[in-house]
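As structure tokens, one chain now follows by itself in the form predicted alone.
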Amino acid sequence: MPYPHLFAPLDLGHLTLPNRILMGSMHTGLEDRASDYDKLAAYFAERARGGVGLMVTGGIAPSMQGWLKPFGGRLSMPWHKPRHRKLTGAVHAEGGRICLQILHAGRYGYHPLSVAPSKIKSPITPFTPRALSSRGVKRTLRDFVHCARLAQDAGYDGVEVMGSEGYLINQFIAARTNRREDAWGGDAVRRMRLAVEIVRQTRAAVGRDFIIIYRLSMLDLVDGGQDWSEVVTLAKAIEAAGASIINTGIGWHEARVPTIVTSVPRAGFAWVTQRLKGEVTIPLVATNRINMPEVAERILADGQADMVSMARPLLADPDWASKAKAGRSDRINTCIACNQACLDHVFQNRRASCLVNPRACRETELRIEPATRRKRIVVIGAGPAGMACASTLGERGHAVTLIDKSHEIGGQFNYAKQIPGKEEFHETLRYFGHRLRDCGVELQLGRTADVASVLAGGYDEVVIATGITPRALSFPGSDDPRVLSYLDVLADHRYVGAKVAIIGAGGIGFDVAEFLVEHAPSATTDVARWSREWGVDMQLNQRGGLQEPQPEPPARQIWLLQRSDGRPGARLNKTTGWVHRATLKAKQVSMLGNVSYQRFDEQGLHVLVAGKPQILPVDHVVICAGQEPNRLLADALITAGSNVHIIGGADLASELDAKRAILQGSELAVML
């Protein structure tokens, strides 16, 4: 077996898990309506079939006050059980095990019924919570226990009590949010009382043969969080109260330190779980940015944890476990931690999915089934849209030829993988390379397709995925050789001086800025170095695990400019944009909006900022001002009467969008 520690059974007493893989809780948006539970059942069943040892649902509230949002997922009434039996029945039919996560949002609830230990508003929601009375605390405690009983009746193998990430229980534990002076607040022992009582009374209610996972906030990463001695005391009390497993929680949602984005090093917080080893005897679960079997195996082999938790990696590839067990980790569709289709969707009140696997949460809709008639199909362009389309067509049994003028597949992914913190795109290209070969796609790289050759091929269908052309800007001096496009920098590796103006503050502009300010990309893979940059106290001497950030000086002085008014980067993705803005701020990048470009000469770039003239004394200017669809071949083929389908950037190039491109390519392939 290639990963002996990862696939070692884990004895919990009343049952034995087949491996050490926990599918962590991940809200999908399908939990919130009874009509979506058939889809949710298919989602979980596919991952159980893929060999996950134990899985946990998205957060389910034990009461209306505990909702994440109005009419969100809830298990508090007997008539809620039938929908949950669909999930447990589907998972058990595939030989899997599943726990329900009980999550009370507390002050994170996005609704006016929210409650908290104290009347303190969250910085991430618009509602001020009502402070629970002593009677209200006891009622909330009963709600947790009642929810666990209902989960047991619905066929779940256990529950996970959500005590981290800044939700209600965590709010009681931390002095930051608990200003009470009664039996449920004051000193640390009283602040942790609710957590301990929930576990103790739940164990009494469900008996011995039921899993209770407690999600323990081991590193709050907020001012006023727990110190390490309090974490240890709570862990011991939770074990004594009857928990089966302790899962690691890292950071609150309002923390200034990123915890799950792609720039966080792999297994960047496993050292926290290891610190608790020896303090308790029940299994400990490491979590956050564990996305490949080699990473998981190392954590377990080094004794940092007893299990590993992965949520988004199992969105990306439901067969992650079975591929790893079979020694086929090179075929895993790796989670790149981009958050674009999962967390960003959830925060937009949309169904979650996955950028690299658009079938996630659409298992009943985006079906890859054998073609009724085998067609000869050419796909021109091996970027994200073309790769997804060609490989899906090949899996369906079509005869597919994929042509690209480059000598490697990937398109814009080959530029993204060079950005510090986006190294995971290497994995996506590795996965697609194997997938294309495995499904029999004929690759013709280093070849430029033209109308004559395509027509001569006699194809039944032609798919154009030729991508984009960077938009050029024209101003006096724009033809100076020191004015570069982002492709000059990332593709041709042209020399860039010590002072640079970047025109365009969209996703590409931010990427180029991060590329140019970083001395050594290894900063994004070195846990200790990354922790210093963001102010994470790896010695755990400081309360909440925070210390003063120590960013390294930038490699260059950068001005990041945009024409529109407002804050540069405001349109970046919700859950990752703040990280990019904070990164550039720490690197002393000047970000300016409402900029007009006058000319570039020996003095530098002459601009108007909100109508006021400035001269930026730069050596180079890099243009990141958007793209235009590359449709020359498509238009010519349409004129020639060919049956053409246009996808990806060639269809819409307003901003590079791999999520849309891969989904579009996959959907087309399913239809053809």
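All residue numbers are counted from 1 along the displayed sequence. Just so we're clear, the structure is a prediction, and the values are computed from it rather than from any experiment.
Same protein, other form: the form predicted together with a small molecule, not shown, and the subject of what follows.
Contact with the small molecule in the predicted complex holds for none of 296, 430 and 526, as no heavy atom of theirs lies within 4.5 Å.
Taking a 4.5 Å heavy atom cutoff to the small molecule in the predicted complex, the contact residue among 473, 326, 205, 491 is 473. None of 60, 56, 624, 52 but one reaches within 4.5 angstroms of the small molecule in the predicted complex through a heavy atom, and that residue is 624.
In short, of 125-133, 269-277, 80-88, 509-517 it is 509-517 that has heavy atoms within 4.5 Å of the small molecule in the predicted complex. When the small molecule is considered in the predicted complex, residue 534 lies well away from it, no heavy atom lying within 4.5 Å. Using a 4.5 angstroms limit between non-hydrogen atoms, residue 564 touches the small molecule in the predicted complex. Interface membership of residue 140, defined by any non-hydrogen atom within 4.5 Å of the small molecule in the predicted complex, is ruled out. Though the partner is left out of this view, residue 180 does not reach within 4.5 Å of the small molecule in the predicted complex, counting heavy atoms only.
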